[in-house]
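Encoded as structure tokens, the following chain is the form predicted on its own, with no partner shown.
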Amino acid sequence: MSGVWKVLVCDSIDKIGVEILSKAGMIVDYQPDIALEKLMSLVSDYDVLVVRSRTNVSKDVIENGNSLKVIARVGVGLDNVDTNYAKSKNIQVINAQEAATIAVSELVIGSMISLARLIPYAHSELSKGNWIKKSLMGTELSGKYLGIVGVGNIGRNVGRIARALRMNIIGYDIYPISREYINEVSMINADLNTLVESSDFITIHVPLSSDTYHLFDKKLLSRMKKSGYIINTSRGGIVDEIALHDLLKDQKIAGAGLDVFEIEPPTNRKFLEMPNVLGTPHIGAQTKEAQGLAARVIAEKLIHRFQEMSI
């Protein structure tokens, strides 16, 4: 393989990624607001597509990308990329899953504390001039059981922070959890139903797929403690929002922290009107540090791929 790669950046990324690729000799076209129609007409001219979550790299986009060699996601999830079709076309798909670990973990812990101490509701009422101290009886994280569904990079880091807060850790994953990590945080390795029934807080860290879509349906959510809280920073479709709303409304679940929704921006605004729900607009990895690291990781991976293919 000879020459250089032409790279089309379709979404906003940290400038460090563009700088690294340019210094490596790649031709980088930065169009962070590119419309689908324009993308469809231009994609055939590029070797690499770089995206975040805005751009949907569908089968049609890939079909038009006659020269595509790599699709790079500056983030963790790949649900906006048709990975199976890309693979069938011998196009590599890479992401920067390492970059979001700390940012997402800290948001999970922040959401747990905010819900446990009713901070969003307290602020909302105080801003209206209401002093409702007596009705803001919270709970402490110390001594509570945290159920981690998906014990990957982010799940493990959440467990470490929670353990430092003297929480007890319960873990579930379809893949084996390392004995070393289990010992590190004194994790109880449980099946999903047991985890849900036993946890005071549940945090979800699994990818969205046909197997995990509505994994937390009405039946599973109904197994939660009445005093339990659920945090979702993975993908919206993993939790059945209608079932969750009904259980929260009927006070069968204490609260929920939702950074992701089935439709984004969410059209179901019922959640945002509830005092026991903390909603954020998919900001799990939205820190300066995480975005800079993600762009750097992707740039370095692309350079490595180019070098491999040039041999």
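One-based numbering along the sequence shown. As the structure is a prediction and not an experimental result, all values here were calculated from the model.
As for the form predicted together with a small molecule, it is not shown, yet the points below apply to it.
Undergrad: I have V104, T212 and G284 flagged as a candidate spot, so tell me whether each of them has a non-hydrogen atom within 4.5 Å of the small molecule in the model of the complex.
TA: Each of the three qualifies.
Undergrad: Just give me the single entry in V239, I231, L146, V151 that has a non-hydrogen atom within 4.5 angstroms of the small molecule in the model of the complex.
TA: That would be V151.
Undergrad: Of L39, L247, V260, V70, which residue is found within 4.5 angstroms of the small molecule in the model of the complex when only non-hydrogen atoms are counted?
TA: So the residue touching the small molecule in the model of the complex, by this definition, is V260.
Undergrad: Just to confirm, W131 within 4.5 Å of the small molecule in the model of the complex by heavy atoms?
TA: It does not: once the small molecule is placed as it appears in the model of the complex, W131 has no heavy atom within 4.5 Å of it.
Undergrad: Although the small molecule is absent from this view, report whether G155 comes within 4.5 Å of it in the model of the complex, heavy atoms only.
TA: Flag for G155 set to yes.
Undergrad: Can you check whether Y121 is within 4.5 Å of the small molecule in the model of the complex, heavy atom basis?
TA: Y121 lies outside the contact set for the small molecule.
Undergrad: Using 4.5 Å between non-hydrogen atoms, is Q97 touching the small molecule in the model of the complex?
TA: Yes, contact at 4.5 Å.
Undergrad: Partner absent here, but in the model of the complex, which of 219-227, 193-201, 109-117, 169-177 has residues with a heavy atom within 4.5 Å of the small molecule?
TA: Looking at the partner contacts, the answer comes out as 169-177.
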